[in-house]
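Shown next as structure tokens: one chain only, the form predicted on its own.
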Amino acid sequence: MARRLTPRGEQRRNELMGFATARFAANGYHSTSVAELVDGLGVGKGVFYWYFDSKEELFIEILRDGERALRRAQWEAIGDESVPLARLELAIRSSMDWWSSHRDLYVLIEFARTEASFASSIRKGERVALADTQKLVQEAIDTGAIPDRNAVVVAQAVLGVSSILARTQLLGRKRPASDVADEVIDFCRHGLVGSPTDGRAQRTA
């Protein structure tokens, strides 16, 4: 549902989405009712249905807003940086910083992956993330910063490492975002073999 909102209306919508994000993450999507949300905010159901047709639409909008905010944070972090590998690393670091302060949203995305009604929204977000990462990877390939490989496969690998370490290390073990970003970047740069100057790499028996 698209409505033209006043600044006050936009604020109210954001309050509703923020409150719902926290409740969905804490209690689960299915266990959280519209009545609970409006009671928690101290408003009537009419306020909820002015902004959203259903709880499902609210949840999808939370996912979409989160995806847009993360993407915006990444491109703002990249800014005017012109060195391809530095651009990719800035995107990784901004992602870890963003997830560190949006843990509830990560919980909702993980849940949404298991629900057929939300799967299309998740897949769309993943396609956008892949396209953005592929662009950064292709820039690095074109300038010779990394070997000429399949940019899609490399981008998928970067996203895979980033996602797993975000889930297990950043959110699971609650490690600092900068430390996790360092490890993602180190693995993406050197992989299993390691840097040629790394004395720990390529040991022989």
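Since the structure is predicted, the reported quantities are computational estimates derived from the model, not experimental observations. Numbers for residues come from their place in the sequence shown, where the first is 1. We call the rigid core the largest set of C-alpha positions that still match within 1.5 Å between the two forms.
The same protein also has a form predicted in complex with the DNA, omitted here; what follows describes it.
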item	value
P147, G46, G172, G160 - the one with a heavy atom within 4.5 Å of the DNA in the model of the complex	G46
Segment that reaches the DNA in the model of the complex - one of 28 to 36, 175 to 183, 132 to 140, 63 to 71, heavy atoms within 4.5 Å	28 to 36
Non-hydrogen atom contact S54 with the DNA in the model of the complex at 4.5 angstroms	yes
Contact flag, H190 vs the DNA in the model of the complex, heavy atom cut 4.5 Å	no
Every residue of S101, Y106 and R167 near the DNA in the model of the complex, heavy atom within 4.5 Å	no
Residues of 6 to 27 having any heavy atom within 4.5 Å of the DNA in the model of the complex, listed in sequence order	T6, R8, R12
C-alpha of V43 off by 2 Å or more between this form and the one not shown on rigid core	yes
Core fit, then D186 C-alpha moves 2 Å or more between this form and the one not shown	no
